[in-house]
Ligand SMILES: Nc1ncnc2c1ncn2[C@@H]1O[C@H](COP(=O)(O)OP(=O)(O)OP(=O)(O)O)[C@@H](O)[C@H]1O
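Quick heads-up: it's one chain on its own, the form predicted alone, in structure tokens.
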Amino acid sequence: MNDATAASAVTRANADAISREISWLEKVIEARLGHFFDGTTTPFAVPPAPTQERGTVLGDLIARTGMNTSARMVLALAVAPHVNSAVLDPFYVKNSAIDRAFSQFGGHPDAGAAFIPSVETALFLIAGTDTAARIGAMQLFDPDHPLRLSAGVTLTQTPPSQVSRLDIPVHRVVALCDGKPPRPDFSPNFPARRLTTKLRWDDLILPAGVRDQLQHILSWLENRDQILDDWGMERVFGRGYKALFYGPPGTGKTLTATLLGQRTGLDVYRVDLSMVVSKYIGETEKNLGLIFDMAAERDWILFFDEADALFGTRTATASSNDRHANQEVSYLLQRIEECQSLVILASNLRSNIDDAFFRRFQSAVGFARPTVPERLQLWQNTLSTVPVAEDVSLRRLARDHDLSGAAIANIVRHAAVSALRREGETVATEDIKSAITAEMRKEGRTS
């Protein structure tokens, strides 16, 4: 079986698991509505849930979290609008006595053609109109319940009705259906973007001391299970690790974070702090909460670039806006402190980080502008596949121009375009000199 066939088989197995779960939900809805309209006093018999095999995302989730029948109903109800909304159509039956929908069935009042389930809908499926049983089922919606933490079910209240809409992010549905790890799309509701690169660890040109510090972080990620579990150190410190990367722009902080993920097989997500902070009270915490919850579940590496914006010295509380901003920072610091994965904060200056928070880092890695030998290696690596004219002296370029790795990459791109614009077959010294002048001007320098 080749890779494509194997991937197709995995997708089919996961899709079949979801299909069985939705078919079961359809039977539950039919049975619950029948019981409701019959007016019988006999106990409601829930149709038996299908057996979901291990090896599928849904089967593994049920087994890992011990999800019971009621929890599975809620999860299936949240997934249904995304994969087969027609199974929810029976809830649209009207109460002829008042010529409107049955309030007992819940549903979001702003729904269009498709029925959008709410918490009320879930409680009706689980407990019918039995008030005591409905109250008992409310624990399914606790923030620390596996439905919220592991399955990703969300409750969204929208004004003016404030009805708690039951939903699940699309990336979670995709993961349940095709078996791949959930990777959310970058959006205002999920202000983090996955970092990837085609470069490799050997392309990272850094001093030996910095590489040794990075190797220490790698060793923690590779050996933490032994340290925490086998050596019994989890009672002393948690699984999380906090690192500060500081240094001038373009010196490799973002690339290093990305390559740490590549080396360990962990996804790296860069958090956009400008999108995190919201003018609406509570929105910042909600957006950050989703990121940290996903990081905990998937063991992501979180990378906060230009962290000075939120992690600098906190402002005096001269106004309500200041108090709100400090509350947001305090919440973020708390979540970072509790995070059980690697969190990297990047700053241009070490001194920009609040001293009270700096003490909580396990590592502080300083990135400096590259030296002449390092610049030479950067030039060699960047131009390794580019046709270069014989008059180009990489040693002279490295010696005469104090440039960062990012600047050298920009210069090579500019020079390559210049060479092709003049229909040259190689990149000449003049192309590179012109590109250096343009880069220097961009940085506000003249030499």
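We number the residues from 1 along the sequence you see. Keep in mind that this is a model prediction, so the values were computed, not measured.
Heads up, the form predicted in complex with this ligand isn't pictured, but that's what we're talking about next.
Chemist: Of 354-362, 83-91, 68-76, 251-259, which is the one stretch near this ligand in the predicted complex, taking non-hydrogen atoms within 4.5 angstroms as near?
Modeler: Of the options, only 251-259 has residues within 4.5 Å of the partner.
Chemist: Does this ligand get within 4.5 angstroms of any non-hydrogen atom of M138 in the predicted complex?
Modeler: No, M138 stays farther than 4.5 Å from this ligand in the predicted complex.
Chemist: At the 4.5 Å heavy atom threshold, is Q213 in contact with this ligand in the predicted complex?
Modeler: Q213: no, not in contact with this ligand in the predicted complex.
Chemist: Can you tell me whether L61 touches this ligand? I mean in the predicted complex, with a 4.5 angstroms heavy atom cut-off.
Modeler: Judged by the heavy-atom cut-off of 4.5 Å, L61 is well away from this ligand in the predicted complex.
Chemist: Could you tell me if A409 has a non-hydrogen atom within 4.5 Å of this ligand in the predicted complex?
Modeler: The answer is yes: A409 has a heavy atom within 4.5 Å of this ligand.
Chemist: Using a 4.5 Å heavy atom cut-off, which residue among L199, V372, I98, V236 comes into contact with this ligand in the predicted complex?
Modeler: If I apply the 4.5 Å criterion carefully, the residue I get is L199.
Chemist: Only one of D293, D203, E120, D272 comes within 4.5 Å of this ligand in the predicted complex by heavy atoms, so just point that one out.
Modeler: So the residue touching this ligand in the predicted complex, by this definition, is D203.
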